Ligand code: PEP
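Given next, in structure tokens, is a single chain: the form predicted on its own.
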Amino acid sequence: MKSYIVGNWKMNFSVGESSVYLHKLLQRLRGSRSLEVVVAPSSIALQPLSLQTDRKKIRLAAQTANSHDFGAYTGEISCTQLRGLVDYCIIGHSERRQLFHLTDKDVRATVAAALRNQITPILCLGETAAEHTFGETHDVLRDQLLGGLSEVSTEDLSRVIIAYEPVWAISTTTGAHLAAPEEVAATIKYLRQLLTDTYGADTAEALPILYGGSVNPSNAGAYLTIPGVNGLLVGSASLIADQFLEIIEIAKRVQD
């Protein structure tokens, strides 16, 4: 199965800075058939970067999208508008859910919108610190996973990527702390079993699951060697070329 390293730049870099940084990555990165490198810049940078990037080395992702294809939604960007610019779209990131009140209904509709526009959705799941403390992790993840996939046909499920990113482990979260690899392993195993019970073993095994949550070069190897993890969703470390490239090299070594 192909592995993925996805860099979420969030609200960082101007268009010019994004272009310079992408150029630096392209100069230093070697393409790989078994490892897909993806970066998610701000929406205003997507169009110029789509003309600049070499898709054999780096693919582009949107950080979010609206579930409607068109209409009177001031300030929004649809998957129809993103089609041809990006190959991926991050959907349901915890910051979108918490800060911008993205609902489960919005998430599942956007997943469906991405698929019908030939964009691979990266469906984000993750429990908050409170939900983790009170033992609600499995309930929360089950609702987010099955809810997010509820409008996806069995045939289209192979075009979806899942990203598990516990909210309490994100570096920008107050009181965040690293998730222990064994704890992540148990959660990934639960997600795989849930997918198996719902869609069957073959479908569950073929669906990529990424891990995210304060990923950096020091812990990337530990997370990438967890059974059932097919890559990483990287936040802050993706903004520093040396760190991001080191994570990519670690992923290549793990594959070998």
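Computed from a prediction, not measured in an experiment: that's the story for all the values here. For every residue, the number given is its place in the sequence shown, counted from 1.
In what follows, reference is made to the form predicted together with the ligand, a form of this protein that is not presented.
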Exercise. When the ligand is placed as it is in the predicted complex, which of 93 to 101, 71 to 79, 112 to 120, 142 to 150 ends up with heavy atoms within 4.5 Å of it?
Worked result: 93 to 101
Exercise. Here the chain is shown alone; which of L125, A169, I161, V107 has a heavy atom within 4.5 Å of the ligand in the predicted complex?
Worked result: A169
Seminar exercise, completed: the ligand in the predicted complex has a heavy atom of only one listed residue within 4.5 Å, and of N12, Q243, S236, S19 that residue is S236
For this session: Considering only heavy atoms, tell me if V215 and the ligand come within 4.5 Å of each other in the predicted complex.
Result: yes
Problem set entry | Partner proximity in the predicted complex: S3 to the ligand, non-hydrogen atom cutoff 4.5 Å | no
For this session: Would you give me the residues of 132 to 165 that have any heavy atom within 4.5 Å of the ligand in the predicted complex, in order from first to last?
Result: E165
